[in-house]
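Shown here is one chain on its own, the form predicted on its own, set out as structure tokens.
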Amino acid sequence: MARILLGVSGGIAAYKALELVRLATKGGHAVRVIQTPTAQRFVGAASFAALTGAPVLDSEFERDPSRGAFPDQPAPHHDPLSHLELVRNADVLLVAPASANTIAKLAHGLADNLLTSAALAATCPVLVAPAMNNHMYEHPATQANLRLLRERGVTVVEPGTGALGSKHEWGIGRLAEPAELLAAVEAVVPAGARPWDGLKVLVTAGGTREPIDSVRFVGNRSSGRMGFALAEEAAALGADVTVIAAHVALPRRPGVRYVDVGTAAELQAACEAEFPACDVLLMAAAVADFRPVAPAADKIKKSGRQELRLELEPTQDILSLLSGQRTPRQVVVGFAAEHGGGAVAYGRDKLARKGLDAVVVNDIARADIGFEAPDNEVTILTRDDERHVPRGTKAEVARAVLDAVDALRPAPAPGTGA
């Protein structure tokens, strides 16, 4: 795992850096934080110190109690210069958020605080993640500074577009989300040996839409959050991940391959193309069970109609189809979104009927979990076990699901190490 030196400059987006540190440390990375003095007006050093387990510095003249070491290193016996020792030990330097002022300093080689001094001395990969008002970001001076940094080999993690810090402000300049920042870091530094290195994982996510006419469709409320969380956690373990996404409007992790589909038939075709090469299938998508028999090519008009009758036909049971084609090396996991009582019993039936290794059951009758909610609570069923996973974030639930998958994976063949 990597040693990440995080530079936090002044801006309201500094609060996102706390979540980045939490994700990075949970992923096994060692993190040290440098703040500019202005950054401490937004987030205190104690918060970063608590999450990293290491002192936070903001001045070249401040003694570092860890003497430049990261949490996974022993401290040296002498007191080195902080801005030199921190970057010497770091695998990567990420400045997030990077304010317009800090970007200008980095572009022009200024070294007037600990962060800019460390950046000037860095021989490791350097990333900057801009965060500021859209007018400041789009100003020719800021754009010229970013071009100059890119020319020097600095990776710029592009900001997003949306609501900004000031009331009623909207535009480009939002700091990239913490998961995107961590993915950008992991893309430029060797991650080291990880437990799922070489494993191919196929995830389906979102909900299919079956057209009634050129405007309307039969669909469901799946947001794809659970599937995307599974993909991100599998990628963090080192897996080669492909996501077949049906109508998912969520940020996408660098390093994960995404295949976009619309209907159940399109999802089936994509699954049939990808499934033979995968080691693990996580079928989290909500696939429509029925579709209109004769969708209209254009929009059906309401005028003059007293009623509209739809004739529906069943779609292909994709999970059963794939399970019937599996090889002994493949692990196949289904998901069952059930409404109210009897969910676990139905999950048991699905497990046996479709020949699956595991079924993840959740109750969509609850508004606080399941579709569109950030949290989930599930029961993981296997042939020999039943595990209740209490309410948590979908990332936490995804980790529990992958733990179960790990236990189901067949032992590697002798000499393969896979």
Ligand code: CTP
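So that there is no doubt, residue numbering starts at 1 and follows the sequence shown. Owing to the predicted nature of the structure, the values given are computational and were not obtained by experimental measurement.
Below, we refer to the form predicted together with the ligand, which is not included among the displayed structures.
Even though the ligand is not shown here, does residue 143 get within 4.5 Å of it in the predicted bound form, heavy atoms only?
Contact check for residue 143: no, nothing within 4.5 Å of the ligand in the predicted bound form.
Although the ligand is absent from this view, report whether residue 169 comes within 4.5 Å of it in the predicted bound form, heavy atoms only.
Result no; residue 169 lies far from the ligand in the predicted bound form.
So in the predicted bound form, is the ligand close enough to residue 285 to count as touching (4.5 Å, heavy atoms)?
Residue 285 belongs to the contact set for the ligand.
Exercise: residue 335 in contact with the ligand in the predicted bound form, heavy atom 4.5 Å:
Residue-level check for residue 335: yes, a contact with the ligand.
From the list 87, 126, 319, 241, which entry has a heavy atom within 4.5 Å of the ligand in the predicted bound form?
Here the answer is residue option 319.
Heavy atom within 4.5 Å of the ligand in the predicted bound form - residue from 330, 155, 315, 117
Answer to the contact question: 315.
Proximity to the ligand in the predicted bound form (heavy atom, within 4.5 Å), stretch among 380-388, 345-353, 29-37, 44-52:
The contacting stretch here is 345-353.
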